[in-house]
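Two forms of the same protein chain are encoded below as structure tokens; each is given separately, as structure 1 and structure 2.
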Structure 1
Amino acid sequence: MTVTTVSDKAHVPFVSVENMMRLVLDIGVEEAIAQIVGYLENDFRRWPSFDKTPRVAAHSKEGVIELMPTSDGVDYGFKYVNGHPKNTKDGLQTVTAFGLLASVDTGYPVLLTEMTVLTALRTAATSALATRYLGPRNPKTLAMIGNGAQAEFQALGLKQVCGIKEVRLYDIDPAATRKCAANLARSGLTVVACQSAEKAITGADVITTCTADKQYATILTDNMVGSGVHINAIGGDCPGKTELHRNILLRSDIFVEYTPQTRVEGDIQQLDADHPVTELWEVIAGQAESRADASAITLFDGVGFAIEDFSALCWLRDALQTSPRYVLLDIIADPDDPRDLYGMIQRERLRMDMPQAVASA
């Protein structure tokens, strides 16, 4: 008796958290971020060709669940991501994420993956890309304000992509700084743990703020920021959550991902709705100026955008061409005769009744 196994067409590559970690270790965190920068650069350069649907958010008292879809007409990607600040007290993650890439031509999924680790990589890659296009020449020193889950990725991305040699760490919680310093001890970076944001910023060419307080916080005050620096402000990423004093914004040339979203979620929610900003893709595509001169303060007000997830998903899909770090999931029904779904179920009984004839997925 011939028993048909599940068709190849029904199989979608799935990257678990474990496999994602192993893939990143195979490639190296720094190299992975640098590779993703290449995908981001390519996609930012052709930004107008993307479908920029607003994220679809389901808000509740405790948090938010969002779907972030986008497409370039060839591939379609979306990320599921939640944000639940109260989760940490229950030993759960504030943010978890997974993502999917599909073929626009057939509608078939081609990749399902965890996206917590992948989002950390793409967020670091986005800051590195912004710094390369907007920051001062040959930056040597990064001030990393906020030493949580993103901090090491930011530092390593800027090391690999922009040549940063020293990272100066500050967090209101010294335990976070200790964790980050220990993790970066053998990275090749000179790591300096600082007692205050002011001390961390001293002599920094690039400042990245990635803090977690969900409030109108002022991580950086106006007098702390000197001329010529580049700031990646990536922790202010939802309404009511900002990091920089308004006066810093007023002194900066401001660059954003997607203006309508950043007006609501970014640090520029503190400014008038018509305050001039430049979209980063315009600089990358050669359609807008980068920093005016060596003394300008450039600010990348990063909130995260669906196209960045898309770039990261495409990087992962391509990386899997030469990596075994995935399994195949049987998530698409594929009857021999598309009109005979019922018959497909009935024929499954034959396989069920054959003890271990075919391994289960």
Structure 2
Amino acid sequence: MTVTTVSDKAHVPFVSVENMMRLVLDIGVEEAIAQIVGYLENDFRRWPSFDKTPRVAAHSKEGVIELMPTSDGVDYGFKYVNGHPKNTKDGLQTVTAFGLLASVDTGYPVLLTEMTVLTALRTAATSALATRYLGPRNPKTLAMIGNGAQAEFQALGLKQVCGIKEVRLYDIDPAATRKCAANLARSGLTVVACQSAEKAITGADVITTCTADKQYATILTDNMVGSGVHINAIGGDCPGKTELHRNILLRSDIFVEYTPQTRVEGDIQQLDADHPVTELWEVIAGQAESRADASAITLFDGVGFAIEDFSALCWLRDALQTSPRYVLLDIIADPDDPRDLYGMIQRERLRMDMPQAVASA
């Protein structure tokens, strides 16, 4: 005999990795990214309405663990995420994440979910959104420098949202490039594996750098970058980790998510603290110019910000309204009398003993 003691108030929808993958396959990877772009765009337009704080980071020599919270006054969201470049040597993910969305009105969670896959989708969506507003008109060729776990999402997002037709791949690890090329073989993109970053960049309209080493690095040197391109620099996301030569920054019009965080974590940590940058939301909201002219170099120094995760969580919450790809978890205590939590525990003891009493009767 089983006695059910859980009420609907105790149930919170939970999306596992398996269900996230199935949901994305139901929708389609490219379409899911495009849908998240819509949520991002809406939230960037109302950027001032959000609570904003740099992520709370615990750094170690091996990597970083971060909490990324925000709220718009109606909903509250946070993400737990790590970044450990050494993990791949042990067969582990460099980045893992989970997140939660809650009602500000009651404080009750309304969604708990994996965010490793969801972060990959929202990162690609953010790059696509930035490229749409900042990049050259009708871009056709993407140079993807760094062919790890994020690369395919970046390529597919830029294909769907910006019309990219060709992706040129380079990674210091040829196996990563082979993996990425194989995964994109049936994507509709022309895929070119390159032997150097210089060859990958040749003829590219958009350059995306997404490398994992936690150190000051020069993935792109100044002489490699010509006029008219757009760069998504998304690999540098913590203090001491960069991808671009300083001179590229000095030649570029720089756009960021949240300036106080990017000054510490982004490629612009190489520049003076008062070097001018524009926050992307200002462009999307029509408060700042994007690309000055066809010859300008635009740089999106993307480090990832909590509002982007909030947008992705809201997208997922809404997607679940018409999808069965979740389970209900009993994670909220719901006593009959809100003041009698101890009594609820004692009554559970009686329920635990009930099957024995029935069996001996």
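All residue numbers here refer to structure 1's sequence, counted from 1. Rigid core here is just the name for the largest C-alpha set that superposes within 1.5 Å across the two forms. Given the structure is predicted, the values throughout are model-derived calculations rather than measurements.
Structure 1, rather than structure 2, originates from the form predicted in complex with another copy of the chain. When the rigid core is held fixed, the Cα atom of Thr116 travels less than 2 angstroms between structures 1 and 2.
With the core superposed, Ala182 shows a C-alpha displacement below 2 Å between structures 1 and 2. Once you line up the core between structures 1 and 2, the Cα of Lys86 ends up 2 Å or more from where it was. Core superposition places the C-alpha of Glu348 2.4 Å apart between structures 1 and 2.
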